[in-house]
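Below you'll find only one chain, the form predicted on its own, shown as structure tokens.
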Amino acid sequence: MRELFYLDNGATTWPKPDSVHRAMSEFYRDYGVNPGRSGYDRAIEAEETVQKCRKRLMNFFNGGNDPDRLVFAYNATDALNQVIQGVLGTSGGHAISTNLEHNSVIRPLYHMDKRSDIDVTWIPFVGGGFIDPDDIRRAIRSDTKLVIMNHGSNVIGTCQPIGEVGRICREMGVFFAVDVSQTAGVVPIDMQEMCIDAVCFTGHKSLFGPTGIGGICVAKDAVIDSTRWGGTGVRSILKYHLDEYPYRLEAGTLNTMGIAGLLAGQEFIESRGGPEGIHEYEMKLMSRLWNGIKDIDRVIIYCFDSLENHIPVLSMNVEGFEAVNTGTLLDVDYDIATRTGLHCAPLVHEQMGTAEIKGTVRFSLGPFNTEEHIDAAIEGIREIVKMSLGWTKSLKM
């Protein structure tokens, strides 16, 4: 099998660190019982792993001193649904989000609008793909219950001024939730400094865990109503679900092997110098890619005028080619894996005008990429442009 140049880390980081594979396998073999349900040694050991991961992640996001407010979920979509529904409720009101969002925010808000008479304001991005915090301020109303936005765009890689928005929300008494799917593990996130009420994360991207695990880090005084109920293994005599965290937002058996993987992912991030070290390395590679393709004739790069306030995500097209065709050629002819299409974020593409041409080709880099991978991508794009020029000439003859 030929080597795959994997440049689709925005979908999921791959490969995972060997330490993550080992930790998951060893945990499940030795302690793969149900945590928190029984008092025998292996159940206690399993629960200790869960609690250790809660503490590490709470510290990682600087969410406060109570690790029980680190709640596990299936993924970021699951976490975001819990926050959106748990904050907005069923009594109407107003929410604010942005045109940079993933469908994991867009669709729940549209469903809440349909079912609960929730009015939503969508803030467009300006300049090179950034949200102006003053636009958020101007959109806040007396009945605004929630501002929710992503930290880093999964399409254009811009990293938003979360701290400025958070301070506006705190000043005006509005719940502020942030989707950190693309930034957790790459960009430092400080909930207290950024005035964030809830951070929603997934484990399988730059936290280096497996798929099927994510969560919510809930600030000390933030209130999210529960939207699911069931078993917790605690005070089973009660007929209603427990109100305290983490049980307030957790129901049923946890993905303990995924949690063990997340814990090992935290250790891997630390070994690479933390998010700062990983970001520095990945952005050096992104600089190489950007500088290598930006001056190629017929290459269009979207919202990438500078490396500042960016994560290692870049969207582009070859003029005259649909994104899917460019992506297929990169895969089949050059063994380069990218993501093509609308990236589950249609509002970004609608604003950029790329929805009509079926999206873009997205390159997203990770810590296991090398200069060789980047140079292969640059050469692949260069060759595809030559091919497109040849086809254009033949069509004119």
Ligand SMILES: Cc1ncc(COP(=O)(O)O)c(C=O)c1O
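Fair warning: this is a prediction, and the values are worked out from it, not measured in the lab. All residue numbers refer to positions in the sequence shown, first residue = 1.
Not pictured, yet referred to below: the form predicted together with this ligand.
Colleague: Only one of N99, T144, N317, S104 has a non-hydrogen atom within 4.5 angstroms of this ligand in the model of the complex; which is it?
Modeller: Contact residue from the list: S104.
Colleague: Report the residue, out of L262, V165, A76, A95, that has at least one non-hydrogen atom within 4.5 angstroms of this ligand in the model of the complex.
Modeller: Comparing distances to this ligand in the model of the complex, the residue within 4.5 Å is A76.
Colleague: Among 135-143, 204-212, 266-274, 219-227, which stretch sits within 4.5 Å of this ligand in the model of the complex, heavy atoms only?
Modeller: Selected stretch: 204-212.
Colleague: Answer for D197 alone: is it within 4.5 Å of this ligand in the model of the complex, judged on heavy atom distances?
Modeller: No, D197 is distant from the partner.
Colleague: Residue-level contact is defined here as any heavy atom of the residue lying within 4.5 Å of this ligand in the model of the complex; does T158 satisfy this criterion?
Modeller: Looking in the model of the complex, residue contacts with this ligand do not include T158, since no heavy atom lies within 4.5 Å.
Colleague: Taking any heavy atom pair closer than or equal to 4.5 Å as contact, tell me whether Q82 reaches this ligand in the model of the complex.
Modeller: No, no contact at 4.5 Å.
Colleague: Is G129 close to this ligand in the model of the complex, meaning a heavy atom pair under 4.5 Å apart or at it?
Modeller: G129 lies outside the contact set for this ligand.
Colleague: Which residues from 178-194 come close to this ligand in the model of the complex, meaning a heavy atom within 4.5 Å?
Modeller: The stretch touches the partner through D179, S181, Q182.
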